[in-house]
Each structure stands twice: as C-alpha cells, then as structure tokens.
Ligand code: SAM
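Quick setup: one chain, the form predicted on its own, written in structure tokens, and binding and motion questions come after.
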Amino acid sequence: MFDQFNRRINYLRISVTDRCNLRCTYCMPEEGIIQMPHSQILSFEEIVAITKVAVKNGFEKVRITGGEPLVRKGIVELVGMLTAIEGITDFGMTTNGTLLKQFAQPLYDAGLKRINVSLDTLNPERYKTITRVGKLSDVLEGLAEAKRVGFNPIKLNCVVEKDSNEPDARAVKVFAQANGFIARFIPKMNLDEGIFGVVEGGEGGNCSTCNRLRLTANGILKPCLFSDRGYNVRELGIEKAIEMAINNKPACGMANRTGEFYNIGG
C-alpha cells in the first residue's frame, strides 16, 4: 500500500510489551513507569491476526520490539506463530540483549534469524550508568550465544549524542567489526521536542523514505513515531486502522507528546 506521498508502506513494528528490565536514561524514568494493565495488552492471537491482515495488504517486513520483548511471557511461542505467516520476507527482533543468552537458541529454533541488540558502550561502568541497573557482561554473553546459534545478521544499535566518532561509538564499531556484527548509530532523540536524526548504517530517521507503521502493545497503530496520531485496531477493526494509519501518515515527523519510546518501540 502507498501513502499520500507515494511511499510504499510495507514494514510493521510490533511492540509486544511496555515493560523493560532496564531503565536507560534516554528511554525511561529512573522510578519506572505506570505499566499498561495486562487486560489492555494485545494477545498473541490478536497480534497474529493484525499481522496477517497487514501482510495481505502488502507488508513484508515485521519486527518485534518492546519495551523489552524478551520479558513478555511466551515470547518464543509468539515468534513461532509469526514465522508461520506466509508473505513475511524479513522478520526480526530488537532487544537489549540482557536475556539473550537464555533465549537465543529457543528463538532461533522458533524461526527468528535476524536480531538487533542495543549496545551503547563497552565500558561496564558506563553501561551501568546508562541503563541504571544493567550488567554489560549479560549482553556480551548474549551476543556470543546468538552468534554461536547462527543469527545473521546481528546488528548493534548504539545511541550517540551526535555521531559515531564519539569514544563509546568507536569502541562499539571496533567490537562489531571483530565479531562480524553490523553497527548502527542512532542519534539521541526527543519525542516532545521532535528531535531526531538519520541512523548511520541504517534506514531510520529519513522521513522521505519511511515505510513503517508501529503497533503499540495495547493495539494502537501509529503512522509515525514523532506524531500523536494513532488508530485503535480494536475499535476500528484491523483493515480500517491500517487504512487510516497509512492515509494519515505525515510527510515528516514533528513531535509526540502522548507517547514514549518504551511503549511505541522506538
């Protein structure tokens, strides 16, 4: 399907939870968040139904996000359900990697083959400062396990203040090259102020070629991360929500004062 600016919309990002086991300074307040009630969270059956309709309407790329998707109970089962949908040619997951050592093999066996792991620094103290509660060793062990079981590609998402010339980013780049990973550098964003930039090594941040919709964990289809617009799949029906989200996708992001990274999926 094409939007009013002739962009082909074929990429669905699915936030399966707003919960996360980290408290990254640029994503979540230190005290945590008011979590969505479980009764509002989309069931696996609803997620699969939405994805099937999206695929029927030309969506080919699907990515699971969060929050942290690996804290969603039964996530391996959901992966298996989604990989069974014919027509998806690119299926991946974005994770903070802290639980990846435990989940890499089951996820791979369920059909997931592509994974993006958040890694902003290779300094353990800096990692603890950024995430407030995380251990860098958990992520590194998770990456090693993902590599062992055969994930390909493995991409590293590194948030930077400005660009990849910063010391932490340079270290991540060297680490990626040494391990056969792909490093992507994401300028720090601010939803309220509409601050974002083009991802170095990736496609995000370029409004003129944006091809994605975002599905929140409680069933709101967002045409743009930097917009307050959203369409409830439960109230409107899946087909109508997809149609409205595509038809009302803005030419360029502006600001978002009703959502957060942890509940939209970044």
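What you see is a predicted model, and the numbers here were worked out from it, not measured in a lab. Each residue number is its position in the shown sequence, starting from 1.
Although it is not shown, the form predicted in complex with the ligand is what the next lines describe.
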Options 84-92, 185-193, 171-179, 141-149; stretch whose heavy atom lies within 4.5 Å of the ligand in the model of the complex: 185-193
Kindly confirm or deny that 11, 47 and 219 each have some heavy atom within 4.5 angstroms of the ligand in the model of the complex. no
Taking the ligand as it sits in the model of the complex, is residue 115 near enough to touch it, meaning that at least one heavy atom pair lies within 4.5 angstroms? no
Could you confirm whether residue 121 comes within 4.5 Å of the ligand in the model of the complex, counting heavy atoms only? no
So in the model of the complex, does any heavy atom of residue 27 sit within 4.5 Å of the ligand? yes
Quick check on residue 159: any heavy atom within 4.5 Å of the ligand in the model of the complex? yes
Heavy atom within 4.5 Å of the ligand in the model of the complex - qualifying residues of 227-245: none
